[in-house]
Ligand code: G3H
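Let's start with one chain on its own, the form predicted on its own, as structure tokens.
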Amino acid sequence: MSIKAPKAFKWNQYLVNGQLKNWAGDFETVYSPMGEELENGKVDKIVLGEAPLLSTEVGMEALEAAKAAYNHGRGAWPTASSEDRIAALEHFLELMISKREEVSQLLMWEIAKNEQASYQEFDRTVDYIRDTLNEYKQMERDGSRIGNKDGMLSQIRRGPLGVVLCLGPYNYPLNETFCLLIPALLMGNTVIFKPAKYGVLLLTPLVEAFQKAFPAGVVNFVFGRGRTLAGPMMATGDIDVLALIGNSKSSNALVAQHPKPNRLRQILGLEAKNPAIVFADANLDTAVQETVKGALSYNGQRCTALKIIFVHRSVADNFVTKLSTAVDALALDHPLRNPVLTPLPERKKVPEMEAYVKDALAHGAKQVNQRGGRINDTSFFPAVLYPVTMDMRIFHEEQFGPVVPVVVFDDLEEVMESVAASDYGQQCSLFSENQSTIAYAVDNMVNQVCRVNINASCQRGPDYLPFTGRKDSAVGTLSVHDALRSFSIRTLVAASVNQKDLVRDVLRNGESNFMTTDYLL
């Protein structure tokens, strides 16, 4: 297969107050993680393009536009009818679908997600928007009823929270970003959105769609560094919601800059150290297959990845032998060839993985698979480390990359102590064929993590399931159902039953977008 990089382009626009504005300041060169092999045998970096490094002043301009569009909840968007918001999202979705090829290819080239997974991320995001629209319609139908109890008439709906600062991740720069952005908009909030450091250009084909689909100031799209843009915005105290998928260090630093943190709603998807627990009565072939998938899909660069594997001593050696063979059989190649493993978009990631391996080896572990280690500056073949102990960094820290630590245990209590002591509590995977083992393990784990997977790897989907975490792993809950509620607050209108004629007149005349019993079809 002949592989040719896309033509590089310079993106010089940003969206503020409904206007696509040109930027003439500093830019950042965007490189692909995949290099280009030259005739002399050397590998040269592939330049995909340039993206703006906007100034703090532009960030403040975006904030003022979002504030004006919200206008303390009195703006056109937060007071718009359900039909108007739905129409805007449907228009955006129509424009977005037309950009499938362009976005998916840029996604692949920019963050090295294999081609099949890149198109799947786009399609999954489209499905998520459709499902969210349907859920929103049902929510509005439920809110169309007038209650009458204890002499009080009432109508309960959900209202927006205000100005949302939305910061997406690089590993799912489209899907996870839109899992924040879409429900925030549908509920009537206004948004300032800044892409992650990696995965910037792939979002540029959609900027014009946001401009065309939404009223001025409702969506403001800025590019650049968090310390230049996000930090100063938070310091104003004018951000009502921080919606971030990333790490707790970044979120804590931003929240600390807000002068009124009690007024700041946080919706955060953060790091995790999801364990797999392989019991003596597990089907080892299933456990190995799911561990490889869970630990190394997209090179382990997922918060839901399996980050540490606990294996019962009686089956540990056999499991590790099978796991090493399975890992060494994986292909690491260019994303166009759809391998399981691809280069790593973060330039610092390879030395970070090497440091974890070096530390583990220094404390008594062995790298048990033959192929593990550096390929080049952006590619690292997964290293399986065994036996890993509490003395090693990899035992405690989230590696977010292709290193697989395996820990031996004799009793579940040892594992439970480690999980309880961890700063994280997102998910776990249990591997056993015995109903008593599963029942006992489930009851021990459900109050430590927020999702327990039985004989399957950890994962986010399907999107109708709640996605959250305990401790430092999350704040708030995301799903098609939950995200709409996370970005809104219950609001009601109440009146004494002796005001029923007035309430009836308001409803009949249809002058209020809130007080309406119209049924959405």
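As the structure is a prediction and not an experimental result, all values here were calculated from the model. Quick note: we count residues from 1 along the sequence shown, nothing fancier.
Only in words, not in the display: the form predicted in complex with the named molecule, which the text now covers.
- For the options R265, R124, R158, K349, the residue carrying a heavy atom within 4.5 angstroms of the named molecule in the predicted bound form is R124.
- Note on contacts: among F223, Y172, F178, F380, the single residue with a heavy atom within 4.5 Å of the named molecule in the predicted bound form is Y172.
- Figure note: of the listed segments 454 to 462, 488 to 496, 24 to 32, 60 to 68, the one touching the named molecule in the predicted bound form, with heavy atoms no more than 4.5 Å away, is 454 to 462.
- In the predicted bound form, R302 approaches the named molecule with a heavy atom inside 4.5 Å.
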